[in-house]
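Okay, so here's just one chain, in structure tokens, the form predicted alone.
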Amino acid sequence: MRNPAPVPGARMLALGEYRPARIVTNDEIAPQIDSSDEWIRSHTGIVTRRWADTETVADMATLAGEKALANAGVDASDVDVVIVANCTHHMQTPGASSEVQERLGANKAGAMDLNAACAGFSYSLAVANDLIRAGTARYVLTIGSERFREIIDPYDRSMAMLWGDGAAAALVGPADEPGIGPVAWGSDGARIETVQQEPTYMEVFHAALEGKALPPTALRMQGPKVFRWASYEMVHVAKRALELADVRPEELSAFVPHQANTRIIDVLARGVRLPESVVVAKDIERQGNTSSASIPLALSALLERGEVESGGLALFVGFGAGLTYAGQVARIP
């Protein structure tokens, strides 16, 4: 049996993004949750977020993927695997990835959805890195894409103001040396109740069979518990990712954590003891929490504004429902 030839490294070659046109202010959301623009800003850091109109998870992923391929100068037919990280696709099966693969023209590519919630992009980047370095694939298109509007209760004071929609993609390909560090990942499954959909699809299904009415399924979160967990545990994950990559904080160009809350971002930056030279991404202020799309969207924003340059090192830390988490150092495309 022949084994595929491994390659010395993999790296992100290019990014692509899609941000919906509709910008939603805090003033639009505040009356439904008995809140205010000032309260939302002070507790989350969010000023605006973007909501999709008719765009689906697959629509946004396709548009972001097209841009990443164009920016890399790689034809879709050369892509070996398409990964769409998400937790909001409107069907449990089939996943969004097969639709995205077909629409992109990546006809020979394998396709899979990956659900690690808000850690999804970091998980997909780790999978892409290993596929390429093992010789299984040459190009892997990883995309985080989310549409939250149908699974968020607009009257839930703890959740309604947090979420935004959008997608971002990274084309990952072979490199002469590693451009994506080892992943520090895991899951704290003992805390699954802190972020989950309620009622479950199974509960809704059986209630319908019995002629009973249940409220629509919606994402619920025990915010204070998640805040304390992320603020403490993710510092260790970030430090572990740096250790695995053999990178010191002062060697970083950027810190790009999951865009969950600006207070969590600030706590993590202090905990890792980042020097002032390291740019800290805060795309959440204008985009909201886009779950698996938040890290690549935030990195793309830094590049567009000229705050970081291609070739520098960025530290990613994703965390979300599960409670899943992942961190790695990667070279900026």
Partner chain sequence: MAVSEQEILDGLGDIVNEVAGVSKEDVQLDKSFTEDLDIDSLSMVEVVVAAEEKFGVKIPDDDVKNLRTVQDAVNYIKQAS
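Positions refer to the first chain, counted from 1. Here the structure is a predicted model, which means the values were calculated and not measured.
Not pictured, yet referred to below: the form predicted in complex with its partner chain.
Report the residue, out of 90, 108, 263, 236, that has at least one non-hydrogen atom within 4.5 angstroms of its partner chain in the predicted complex.
-> Checking each option against its partner chain in the predicted complex, the one that comes within 4.5 Å is 263.
Contact residue in the predicted complex, from 248, 191, 157, 206 (heavy atom within 4.5 Å of its partner chain) | Contact with its partner chain in the predicted complex is made by 191 alone.
Pick the stretch from 263-271, 297-305, 284-292, 63-71 whose residues have a heavy atom within 4.5 Å of its partner chain in the predicted complex.
-> It is the stretch 263-271.
Within a 4.5 Å heavy atom cut-off, is residue 174 in contact with its partner chain in the predicted complex?
-> Residue-level check for residue 174: no, no contact with its partner chain.
Heavy atoms within 4.5 Å of its partner chain in the predicted complex: does residue 201 have any?
-> Output for residue 201 is no: heavy atoms all beyond 4.5 Å of its partner chain.
Does the 4.5 Å heavy atom contact test between residue 227 and its partner chain in the predicted complex come out positive?
-> Looking in the predicted complex, residue contacts with its partner chain include residue 227, since a heavy atom lies within 4.5 Å.
Do residue 50 and its partner chain share at least one heavy atom pair within 4.5 Å in the predicted complex?
-> Residue 50 lies outside the contact set for its partner chain.
Do heavy atoms from each of 240, 255 and 312 fall within 4.5 Å of its partner chain in the predicted complex?
-> No: none of 240, 255 and 312 comes within 4.5 Å of its partner chain in the predicted complex.
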